[in-house]
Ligand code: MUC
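Only one chain is included here, represented as structure tokens and corresponding to the form predicted alone.
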């Protein structure tokens, strides 16, 4: 039986039997490894395989939900690694949540906050799996539980990050030819600024069909670098610059943003709502990158969007190269946002040689479709999962 949104509110808040049936009975965390189609380079690391943690939450009614915690090659982007996530879920968060009703997501979030500080990837994966199980129990989508969809698809860009300009030109042309991507993010910072700009110039010259061009410096430049190279980025018609300075340099970001003819995007600088407000108030950037790994939960991610907008920043759907499960979780929130002018970058599943879900996300006409159906709208392929699990 399907429920209307109004019935959901009444059921979840008043039906004690339903609350009892949605009590959390078991939480499991498994490390998954998937090879990538090519090397992916950032300013501080490079990897050719993706590791993440699959979290499975089983309720008293027997229904299971799934979530995903992603990292970038270990504890380099934030403090978490797949090993630490698995340990925190198993040792601290799971014991705190057994018996807690999934029908009370605010209580789930509060219990996790008391059990562990930060550890946002671990918390986000558990909250995703809990929402997935709850929504499946109600025969609803997670998006409906979060307020309802305002869009069925989101514009999605592709990241060029091999560092090989010839390879990247061919990759960009292929994405345009199949109408998968026309907006591109170019990863900078792992070479000298001069080498990066030569690479960027080649891409601009040889792939003029690129519609929107974003560069992600991954905190690798100094303020002096920005003053020196921003005029060249302007000549190359760059549309947005992501986090050029270290995340803790709010003052430097504000000075660069005040002089830059190109909008700056705040990413690593702001995880908490206080940091988002501070970045917006100080003028560190005019765009904010939304990420589950920064907010630590679907509800907090939705709140972060409102905080960023109220602080004067436009919204961009960021990622940490999540697979289909993590991408579906982000899309469940993105679908509810009144404004998402910069689209999203959830191309992560296409970087994997294989999938662990039966229903991979669909990209067509330069948009990523929001999965349909109960829960997150994606389902595990247990056979493929067995092949991808890290041995215990």
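What you see is a predicted model, and the numbers here were worked out from it, not measured in a lab. Residue numbers count along the first chain shown, from 1.
There is also a form predicted together with the named molecule; it is not shown, and the following applies to it.
Contact annotation for the candidate site: 216, 321 and 347 all lie close to the named molecule in the model of the complex (heavy atom within 4.5 Å).
The stretch in contact with the named molecule in the model of the complex, judged by heavy atoms within 4.5 Å, is 265-273, chosen from 251-259, 296-304, 133-141, 265-273. Of the listed positions (175, 111, 187, 199), a single one reaches within 4.5 angstroms of the named molecule by any non-hydrogen atom in the model of the complex, namely 187. A heavy atom within 4.5 Å of the named molecule in the model of the complex is found for one listed residue only; from 315, 210, 233, 72, this is 72. Within 4.5 Å of any heavy atom of the named molecule in the model of the complex lies no heavy atom of residue 123. Taking non-hydrogen atoms only, residue 291 approaches the named molecule to within 4.5 angstroms in the model of the complex.
Shown alone here, residue 77 lies within 4.5 Å of the named molecule in the model of the complex, counting heavy atoms only. Contact annotation: residue 40 falls within 4.5 Å of the named molecule in the model of the complex, judged by heavy atom distances.
Taking the named molecule as it sits in the model of the complex, the stretch 232-255 comes within 4.5 angstroms of it through a non-hydrogen atom at just one residue, 242.
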